[in-house]
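You are given structure tokens for the same protein chain in two forms, set apart as structure 1 and structure 2.
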Structure 1
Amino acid sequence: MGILEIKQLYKRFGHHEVLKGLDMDVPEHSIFGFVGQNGAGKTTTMKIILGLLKADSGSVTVCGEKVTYGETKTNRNIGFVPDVPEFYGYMNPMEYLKLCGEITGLPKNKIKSRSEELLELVGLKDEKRKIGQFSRGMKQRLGIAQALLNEPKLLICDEPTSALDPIGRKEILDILLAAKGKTTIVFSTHILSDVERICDHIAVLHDGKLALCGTLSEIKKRHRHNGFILEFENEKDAFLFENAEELKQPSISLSRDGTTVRVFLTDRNMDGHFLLSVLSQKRLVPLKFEVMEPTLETLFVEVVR
């Protein structure tokens, strides 16, 4: 059983059906990349998980307990980072976390030690300025600290890096990686490079359902195309290989750039062994023989177009 389980979730707004039987299982202590185009239904899903939006049908469980709209008992196990966190701008970070700790009923001694620990984690331990003077990235980092204050078993981040510059994005991603050992993270985003960097499980939401789901390596293996890159010592060898009679078939496409030849085998019965046999017959030894792995971007475009 995953720490978060979603089964046959449906949600409609008027005539627009956003979720159409969504099934999702988030393993414990994973960083789960929840990916989709803008408007795909990621935020709607997040709101249903948090009990802030009522599903038309289906079920959501957190830590084995069913989420009920309006009765958010399950939220004691959840930390939430919205895309635009809001704060009291007249407070400094320590004052704000102290207030949050008091509201949630944490013991005073634990509020202080936990706040110091988290502010160090997010790089704000020595920051004395008021939150109103913070940059967008600093506010996002403080938002993560606040969401982790109660030591949640599940941390939900809704587009936390979407409006940040590369440095700010890196800071947030590094913090999430550091937090992984103590919580499970659902990382909702449309920035695929961020997903590839930190996520060990990925789900792509499209047309109200998951179009892809699994670890990145599993997904790439399932959707791998028979593409290969061969690099030769000189252009003569590359030319000889490119023009081999055995490769002049409709199911084979090639392109050459100097000493590098790219080969795509659209016949699923063909694989690298076929190319190795051609090389052997031509007595050619490439400097490099590499299987082309699909990127998350190419897979995403393939399933959502």
Structure 2
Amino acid sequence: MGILEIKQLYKRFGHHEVLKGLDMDVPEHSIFGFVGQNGAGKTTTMKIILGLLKADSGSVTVCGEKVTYGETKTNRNIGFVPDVPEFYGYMNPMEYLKLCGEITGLPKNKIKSRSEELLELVGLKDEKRKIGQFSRGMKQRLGIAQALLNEPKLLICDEPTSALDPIGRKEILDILLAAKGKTTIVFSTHILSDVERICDHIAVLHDGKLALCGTLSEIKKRHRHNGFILEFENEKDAFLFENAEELKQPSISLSRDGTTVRVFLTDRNMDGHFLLSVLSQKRLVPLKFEVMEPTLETLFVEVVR
């Protein structure tokens, strides 16, 4: 059983149906990349998980407990980092974390020690300025600190890196990686390189449902094209291979770029052995023979197209 389970979730705004029977299961202690185009429904899903929006139908359970709209009981197990965290500008980070700790119901001494620990984790320990004077990256880091304050079992991050520069992004990803193991992280984004960097599970939301779901290696294996890259020592060998009679079949497509030949086998009965046999017959030895791995980007484009 996952720490977060979503079953047949439907949500409509006017005539626009955003979620059309979404099913999702987030395993414990994973970093779960929740990917989708802008407007795909990622934020809507997260707000329903947090009890801030009412689903038209379906169910959401966090740690086995059903989420009820308007009630915030399940949120004691959740930390939330919004895409643009907004705080009270007249407070300093310590004052804000104290407020959050008091609302959560943490003991006073724990609030102080935990706040200091988290401000150190996010690099704001010595920051005495008011939050109103913070940069966006600093606010985002404080957003993670406040979300981790009650040691949540589930940390929900809604596009935390989308508006940051590369350094800010790296800082946030490093903090999330450091939090892995202590909490399960649902990381919503449309920046696929961020997902590939830190996530071990991925779900692609498209047309109100999950179009892809699993570990990155599972997904790649499942959607692996029967494609190969061969690199030859010179263009002559590459040309000879490209024009081999055995490869002139409708189920085989080839493309050559200098000394590199890309081969796609659409016939499922064909595999690398067939190409190796052709190479052997032609007495050609490639410098490189590689199975073509789909990237997350190509998979994403493929499912949302």
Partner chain sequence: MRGYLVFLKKEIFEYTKTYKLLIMLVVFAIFGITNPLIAKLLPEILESLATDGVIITLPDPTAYDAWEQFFKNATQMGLIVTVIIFSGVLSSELSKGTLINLLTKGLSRTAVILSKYTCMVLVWTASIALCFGLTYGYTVYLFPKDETSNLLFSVFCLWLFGLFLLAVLIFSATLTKSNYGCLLITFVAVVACMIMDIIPAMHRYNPISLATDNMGLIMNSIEVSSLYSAILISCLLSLIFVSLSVTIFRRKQL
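This one's a predicted model, so the numbers in the text were calculated from it and none came from an experiment. So that the term is clear: the rigid core is the largest set of C-alpha atoms that superpose within 1.5 Å between two forms. By convention here, residues take numbers in order along the sequence of structure 1, the first being 1.
- Here, the chain labelled structure 2 is taken from the form predicted together with the partner chain.
- Fitting the two forms on the rigid core leaves the C-alpha of M94 displaced by at least 2 angstroms between structures 1 and 2.
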